[in-house]
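Take a look at this one chain, the form predicted alone, written out in structure tokens.
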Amino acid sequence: MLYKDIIKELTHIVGKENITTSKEDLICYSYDATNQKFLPDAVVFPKNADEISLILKLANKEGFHVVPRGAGSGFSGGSLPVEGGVVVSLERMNKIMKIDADNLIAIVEPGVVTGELQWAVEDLGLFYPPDPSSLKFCTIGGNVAECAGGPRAVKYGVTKDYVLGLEVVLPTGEIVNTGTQTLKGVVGYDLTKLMVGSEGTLGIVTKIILKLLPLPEATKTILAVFSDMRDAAATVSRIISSRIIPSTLEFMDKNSISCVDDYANMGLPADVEALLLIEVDGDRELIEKQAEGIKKICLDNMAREVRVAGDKREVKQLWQIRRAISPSLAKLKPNKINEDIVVPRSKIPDAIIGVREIAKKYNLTNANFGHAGDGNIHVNIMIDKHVPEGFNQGSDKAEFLRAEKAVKEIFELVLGLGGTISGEHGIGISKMPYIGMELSPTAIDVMKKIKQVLDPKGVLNPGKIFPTL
């Protein structure tokens, strides 16, 4: 609970129209895509780095917590005010400050919606590749905090590959600029890369310098359907080894396919085990040749059907299959635990089969889809209800406890296959209990020391990533 004098000081910093303590408003900033809820004591809407600096200096003086928030679309709880305090919403800081077509950079504020940046640069013949599935509402600042990826990561990489520099307000209130506006720069430690993916625990990003690319001339989209999941996985490996690097190589398993077909009536075969959605981009003549090569590889690896989109309408139809997955999964259960494991591409069948066996062991419903091109699989354990801590009875609680046990075993499976427990969602609070499964005590200790140096009073986004500080 914040004292009245603290609220008064915050109001003085941001203005009375840019702070709220009403219960109705606080609820709107209490949750994210995990569906867990933690009520903040106040929400403020600063307009620049100077105001955020004053907020953090006040937090250090008065001892309250500060939690930065973008669109609240994260799947790991990184923006949740788990220990109360003040949520700093960055939604007012939503300007595209500069698009430099000569030097292929953009300078943006953290509240810029990812999709809106992409459309703005594409109008100028430029390209910003990172494309998380929430791009129509997630923000660049949140993408930076989580190092977001997306389907195009197989060819173009993830957010960290496009961040050249940052303006960051440190937990103690100092404002620091990291990186450069140039492609090269090795002066001092790479503080930019340190901040990207730090989940809002080391600083609040207030300005981002992004690398852009020329917009590809054309794209070609292909859908391949398989009766055997191992054939689909072999196709993925064969495509990559053939020196064709698709811009997208997406995967869906049997349960995902069934849900999508029921949800959107796509006319997909009912007895298939796997589906690949593949896209190539670049020079028009080259991608026609690549598309034919991919079609042949799919057929050589026992694809039962291959569709090559002939126009924009057909492209839209094929992508509708992929985009319909998340809403369609509600057919199985109303809620889900969504994990974003990554394994070597050749291990995808072992991962999927292993996950299915674990789900069967705990009598759970499961669906898998994701970015096969880089081995990033979204494992969805479908449940009736997320059960809050302290609720200790009923079938919902029993199912949730089984799901938690299954998640731990899935992570053990993934690590045993040479993978990682998170490819793009981050750790936050959802994976915090499992971080020691992947990182050594020494590595965790080094990270904690970095946090302690930058945030000696522990005011910024506490209770995230590490079980204890």
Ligand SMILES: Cc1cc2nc3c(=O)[nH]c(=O)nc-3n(C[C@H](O)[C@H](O)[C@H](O)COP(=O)(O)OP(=O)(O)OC[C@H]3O[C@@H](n4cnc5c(N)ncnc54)[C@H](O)[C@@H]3O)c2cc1C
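From 1 onward, residues are counted along the sequence shown. Remember, predicted model here, so these are calculated numbers, not experimental data.
One more form of this protein, predicted together with this ligand, exists but is not displayed; see below.
Using a 4.5 Å cut-off to this ligand in the model of the complex, each of A71, S133 and F137 places a heavy atom inside that distance. Using a 4.5 angstroms limit between non-hydrogen atoms, I444 is distant from this ligand in the model of the complex. Under a 4.5 angstroms non-hydrogen atom cutoff, this ligand in the model of the complex has G149 among its neighbouring residues. With a 4.5 Å cutoff on heavy atoms, V236 does not count as touching this ligand in the model of the complex; it lies far away. Interface membership of A372, defined by any non-hydrogen atom within 4.5 Å of this ligand in the model of the complex, is ruled out.
Note that among 268 to 276, 180 to 188, 239 to 247, 141 to 149, the stretch whose heavy atoms approach this ligand to within 4.5 Å in the model of the complex is 141 to 149. Note on contacts: among S326, N255, Q118, Q317, the single residue with a heavy atom within 4.5 Å of this ligand in the model of the complex is S326.
Between the options F251, Y162, F226, F75, the residue in contact with this ligand in the model of the complex by a heavy atom within 4.5 angstroms is F75. Using a 4.5 Å cut-off on any heavy atom, the residues of 410 to 427 that reach this ligand in the model of the complex are, in sequence order, E424, H425.
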